[in-house]
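Let's start with one chain on its own, the form predicted alone, as structure tokens.
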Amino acid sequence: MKKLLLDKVNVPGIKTFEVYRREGGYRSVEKALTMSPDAIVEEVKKSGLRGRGGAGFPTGLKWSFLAKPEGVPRYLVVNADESEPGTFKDRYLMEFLPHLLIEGIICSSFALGSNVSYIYIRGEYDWVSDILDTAIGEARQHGFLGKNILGSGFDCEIYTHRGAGAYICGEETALLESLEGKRGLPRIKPPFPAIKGAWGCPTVVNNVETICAVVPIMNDGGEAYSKIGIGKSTGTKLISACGNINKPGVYEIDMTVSVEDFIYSDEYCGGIANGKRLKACIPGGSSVPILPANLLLKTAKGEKRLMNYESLSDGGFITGSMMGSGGFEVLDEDQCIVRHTLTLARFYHHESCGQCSPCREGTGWLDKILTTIENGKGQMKDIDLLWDVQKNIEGNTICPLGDAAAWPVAAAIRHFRDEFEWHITNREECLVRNFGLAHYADELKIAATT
């Protein structure tokens, strides 16, 4: 498979402008500046590129919604917050191919009529932000940023803005609030950012991988890009593979690859670590439903499940999941689903901004109930209570964080209810496993009487 984004990642010195330019970098900028902005948007539409941040919305269509009032600036904001547990492919792009992102930003900015673009990068990516700042300086020094780029009359500046470690700021409107210097709370929509975004001006927010994909689209044409992949899952996709596998890392795939081949082939994950069996997988980052092995490898129709938007979601949340952000987390036969679900629930409880009561209160209840069950102190009715709590969170919040907290819990109960029941009927074993018999003998006595 021809790699579109990572084909040059192993070239020595590719982080520098000189090497990147020598390897064909910034050709797409030269081409874009000879086209009209509308023609570039049409190429992106033709490519079928979908947003690579999680929602998978068609990028060209999103760009076409951008309002263009006279005398009002427009902004492109790159979402480099990447706080979704299990997802690290945007960091990989920025760390090793910073000029690819800058090239994509310039092309996208020209198409959108934006003269100022921001890269909102998570605060923990401190060293990556320094790499980007260096690359931005190099691009400006060589005439690809600043005033009158390549004599085209187009001006473009790029600035990095470091976040402060809030997961909620990965949501585009909370990101814009933070960019403006305010607390990162999601906005009620409408109005959408395309109408009223950064500082009340029309704004497009796309994540790093999406903007990088604009470069091969410009170089090869939207039609050529659309022929890679299958159906509405066009182009290539970066996958952050982690968990109980032999070869964790970032992989660029053609979306015709099957899930089974992705896990077991030497080209990708290399199989389950330590010769264990596959138990389950979260295919799109921590916020999407977990799937047991049998549903992960086969669709509801009995066909091989493929690594793309349509195949992963086949059957809805009953038998399917989502491509999401591409955070592919593999669990082997020894992993405890209850403990894993508790870890995720605790994360979402901690990261809730507190603006919506279903999320503010509900994530706390999910954390509390799961802790009780995991520690061998739960009752059978707690499983049904968990289900009711997640159901009352889903769809009742301003932003998707509530859904992100609810879906993993719902899927874990749906597919692994027997493990929740085991924790309740084997209290003593849970307590000994989690705390140790000697230190928590009193806990055992208390649990035996409740």
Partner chain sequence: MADEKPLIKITIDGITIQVPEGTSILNAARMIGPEVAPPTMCYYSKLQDSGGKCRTCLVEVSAGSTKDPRPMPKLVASCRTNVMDGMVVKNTTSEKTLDARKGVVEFLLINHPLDCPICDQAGECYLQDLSYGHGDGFTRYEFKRRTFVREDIGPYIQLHMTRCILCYRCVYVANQLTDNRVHGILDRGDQSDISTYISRAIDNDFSGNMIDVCPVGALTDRTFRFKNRVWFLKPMDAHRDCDKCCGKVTLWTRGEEVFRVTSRKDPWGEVQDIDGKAAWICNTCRFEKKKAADWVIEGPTSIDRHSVISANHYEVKEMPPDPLNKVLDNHSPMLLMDIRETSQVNQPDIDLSILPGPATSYTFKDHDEATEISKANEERLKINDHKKVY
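If you're wondering where the values come from, they're calculated on a predicted model, not measured in any experiment. Residue numbers count along the first chain shown, from 1.
What follows is about the form predicted together with the partner chain, which we do not show.
In the predicted complex, the one of G243, P292, G270, G364 near the partner chain [non-hydrogen atom within 4.5 angstroms]: Selected residue: G364.
The partner chain: the contacting residue among R339, H161, H349, R91 in the predicted complex [heavy atom, 4.5 Å]: Checking each option against the partner chain in the predicted complex, the one that comes within 4.5 Å is H349.
Triplet A166, R360 and T371 all within 4.5 Å of the partner chain in the predicted complex via a heavy atom: So, yes: the whole triplet contacts the partner chain.
Partner contact for L238 in the predicted complex: the partner chain, 4.5 angstroms, heavy atom: No, no contact at 4.5 Å.
The partner chain contact at E42 in the predicted complex, heavy atom, 4.5 Å: No.
Partner contact for A55 in the predicted complex: the partner chain, 4.5 angstroms, heavy atom: No, A55 stays farther than 4.5 Å from the partner chain in the predicted complex.
Partner contact for Q379 in the predicted complex: the partner chain, 4.5 angstroms, heavy atom: Contact check for Q379: yes, within 4.5 Å of the partner chain in the predicted complex.
Residue stretch of 55-63, 397-405, 414-422, 27-35 approaching the partner chain in the predicted complex, non-hydrogen atom distance within 4.5 Å: The contacting stretch is 397-405.
Sequence-ordered list of residues in 380-396 near the partner chain in the predicted complex, where near means a heavy atom within 4.5 Å: Counting only heavy atoms within 4.5 Å of the partner chain in the predicted complex, the contacting residues of 380-396 are K381, D382, L385, D388, V389, N392, I393, G395, N396.
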